[in-house]
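As a starting point, one isolated chain is supplied in structure tokens, in the form predicted alone.
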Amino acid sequence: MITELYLPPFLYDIFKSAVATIIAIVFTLLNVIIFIYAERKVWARSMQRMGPTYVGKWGSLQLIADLIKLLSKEIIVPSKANRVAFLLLPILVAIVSLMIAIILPYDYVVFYTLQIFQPLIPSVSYLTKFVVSNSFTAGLFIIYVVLGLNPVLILLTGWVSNNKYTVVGGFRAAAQLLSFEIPLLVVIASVVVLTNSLNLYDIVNMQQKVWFVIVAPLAFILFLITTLAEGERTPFDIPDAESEIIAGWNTEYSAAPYALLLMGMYARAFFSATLIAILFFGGWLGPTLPGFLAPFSGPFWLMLKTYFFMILFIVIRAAFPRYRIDQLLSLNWTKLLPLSIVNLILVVIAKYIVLSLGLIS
């Protein structure tokens, strides 16, 4: 296919990266829609909401109606806000959130899923050469750096609205995200200690014999809690405490800019579910599917695990109340941070045990 066009290696790499990036972003956006739909369905059942249950087949028309309503609304810019910054920041939040999609193995999921059509279309086998997510040798580090940009962007988003409620919401969000990034970093460090690698593919391959959730169960629990907080998910949705500060840092946003902010939040939650599957549950490792579905085995197991944690996030949001800001910060500094340090020490000990048993190499 592409190699037959005799493209220079430099142009070939650019073209391959562009294709993989587009595929990863489109795949993420489709899953964000699935995430929102699934969340509304669970809420409808648990809270007896009519719309997502009865409007259209399986409540699907309610989501479409809300999307049309959201995109057709007028974009209102506060009179005293910086208009350019006000409209630009939602785009930056969305772009920064989607940057993580390029690093996670979503191109692998799409291109290897298409391999099931190889008996009918032999040339589809060339698509496996377009996977670029395996080339990020420091992928885990890059993901953490990108997540570190969110507090700054959220704080600026609240600041440029020129509303005291959005400023308070922005500072609350920044305080939450910055504080939880510390135990999150320590937990990520424990995974690096186990694998001696920042490459997501290497981390998965190291779990051929035993998943890291068995080797480091405390790390998994801490990672789950901190990613919920980083994604501003219940019970840590303090920045969106509408009963206290209207709707937090995004109070002044409506229509398409609000949709971009919402998309960024759900994308980060979806990425968190994928990261949990990769770091602690073997990623795409699992039994090979029978027959022509064999090439689909890896994508199937990765997405099954991702969707499991996505549903878990939804159930947690439907079942648990919100923390107060003082309770949240107390939880982080007095419990999660000390536990993350203890976990790092335990992981060092656990590594020598599993090495002696030959479970990792």
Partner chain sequence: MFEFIPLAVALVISAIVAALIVGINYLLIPSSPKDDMRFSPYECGEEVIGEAQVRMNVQYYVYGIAYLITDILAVTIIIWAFYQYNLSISSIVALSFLAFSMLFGILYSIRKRLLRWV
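What you are looking at is a predicted structure, and each value in this text was computed from that prediction instead of being measured. Positions refer to the first chain, counted from 1.
Beyond the structure shown, there is the form predicted together with its partner chain, which is absent from this document and is the topic of what follows.
Asker: Between the options A85, I214, L285, I91, which residue brings a heavy atom to within 4.5 Å of its partner chain in the model of the complex?
Answerer: After the contact test, the surviving option is I91.
Asker: Just to confirm, with a 4.5 Å cut-off on non-hydrogen atoms, which of Q115, N163, S272, N150 contacts its partner chain in the model of the complex?
Answerer: Result of the distance check: N163.
Asker: Is E232 a contact residue for its partner chain in the model of the complex, using a 4.5 Å heavy atom cut-off?
Answerer: Looking in the model of the complex, residue contacts with its partner chain do not include E232, since no heavy atom lies within 4.5 Å.
Asker: Can you work out whether I345 and its partner chain are in contact in the model of the complex, taking contact to mean some heavy atom pair no more than 4.5 Å apart?
Answerer: No, I345 is distant from the partner.
Asker: Contact between R268 and its partner chain in the model of the complex at 4.5 Å, heavy atoms?
Answerer: Outside the cut-off, so no.
Asker: F136: heavy atom within 4.5 Å of its partner chain in the model of the complex?
Answerer: Residue-level check for F136: yes, a contact with its partner chain.
Asker: Quick one: V186, T251 and L329 and its partner chain in the model of the complex, is every residue within 4.5 Å by at least one heavy atom?
Answerer: Yes, because V186, T251 and L329 each have a heavy atom that approaches its partner chain to within 4.5 Å in the model of the complex.
Asker: I need the one stretch from 203-211, 277-285, 100-108, 117-125 whose residues put non-hydrogen atoms within 4.5 angstroms of its partner chain in the model of the complex.
Answerer: Heavy atoms within 4.5 Å of its partner chain in the model of the complex occur in 100-108.
Asker: Counting only non-hydrogen atoms and a 4.5 Å cut-off, give the residues of 172-192 close to its partner chain in the model of the complex.
Answerer: The stretch 172-192, when checked against its partner chain in the model of the complex, contributes R172, A175, L178, S179, E181, I182, L185, V186, I188, A189, V192 at the 4.5 Å heavy-atom cut-off.
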